[in-house]
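Okay, so we've got a single protein chain in two different forms coming up as structure tokens, structure 1 first and structure 2 after it.
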Structure 1
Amino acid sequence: MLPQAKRAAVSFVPQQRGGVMEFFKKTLDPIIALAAIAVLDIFMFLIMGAWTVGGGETMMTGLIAKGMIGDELERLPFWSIVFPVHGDYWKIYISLGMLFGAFVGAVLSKEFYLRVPRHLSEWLLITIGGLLMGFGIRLAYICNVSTFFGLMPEMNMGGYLAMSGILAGAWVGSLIYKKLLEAE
């Protein structure tokens, strides 16, 4: 029995490795990826709450600001009333996890390399884009992830408002982006 069992174990391991490595060779169908994430999001909804990103990013902003200016930050009502800064806010770790998971995926699939925008205009657009995203998330109190993967599926009224806003914004943004591309 023992030699057979040993052989089975030996033949099993390479197959498993092949299967895992195969995962990092092919591009995954986004429908499968998102369906799996949705199921996990339901589990997280049951124990803590639905997937969001903006909240964690805001807390990180607060932590960075506190690191730079210390307790002076609390003189701003936003950071004392809305978002008191503390490091054990779970949403921070979703974002850090995404960074880690993507890094692992990119390294194992040999897709990790430094990509640098070439033109000054790209840097400028990204800067404006980042500022608008950050300002917009806090003005709305929610981000795009909480809109599509939290509020909308909970049928929160805010989800419909947010979705209308993001669609209108994406449409206006696309029009401007198209004009800029044509002008180049």
Structure 2
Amino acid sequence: MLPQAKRAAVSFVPQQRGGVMEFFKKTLDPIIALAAIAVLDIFMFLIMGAWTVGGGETMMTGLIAKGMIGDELERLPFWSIVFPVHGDYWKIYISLGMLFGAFVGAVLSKEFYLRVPRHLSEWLLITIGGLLMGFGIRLAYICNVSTFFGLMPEMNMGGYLAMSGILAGAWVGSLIYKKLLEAE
């Protein structure tokens, strides 16, 4: 084998071994990623309707609450009239599939780790942020994913208003978090 061909063969082997990990480490070209999302969104909308994530988490919360307090949960109008609890709600599986896919991608790219906030201020921000997100989801009766992939492509003004609020909230939240980090 020629020395040049030998080098090429040697350098090809590590790329083959790390192929899966390299795939998950690379950032997709935004145009290719958006085109793939648009095509998948069309098929999902045709088959199942708008993609939402918040409903799955809400139903999982209802199932956990029903497991803990039983039929007492149905005394609350939200769980008996607005969002009756049942385990065959299909959006649960979208949420679990998204979580599983993110976990597998992070593990294969060797970027998975558990991070526990060290300061009380971080726990406070996480709690307040989570409550505000949950409150916003229940007020809008839709989540950010559904807003972005469902309402905005449909040219729905509510989607654009919601996304403007989400961006403004993320910007204000990042400024608050930055100030807290600088204060430490």
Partner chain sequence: MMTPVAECFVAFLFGSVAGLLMQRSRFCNTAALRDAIMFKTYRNTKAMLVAMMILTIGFTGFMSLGAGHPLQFDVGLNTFAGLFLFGIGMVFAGACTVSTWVKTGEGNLGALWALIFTFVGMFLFSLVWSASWWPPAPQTMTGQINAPALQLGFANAQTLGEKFGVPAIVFGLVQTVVLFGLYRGILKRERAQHAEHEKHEREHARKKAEKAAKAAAANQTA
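Whichever C-alpha set is largest while still superposing within 1.5 Å between the two forms counts as the rigid core. These figures come from a predicted structure and were not determined experimentally. Counting starts at 1 and follows the sequence of structure 1.
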- Since only one of the two is the form predicted alone, can you say which one? 2
- Message: Once the core is aligned, what is the C-alpha displacement of K179 between structure 1 and structure 2? Give it in Å to one decimal.
- Response: 5.2
- Query: Taking the rigid core as the frame of reference, how far in Å is the Cα of N156 displaced between structure 1 and structure 2?
  - Reply: 3.3
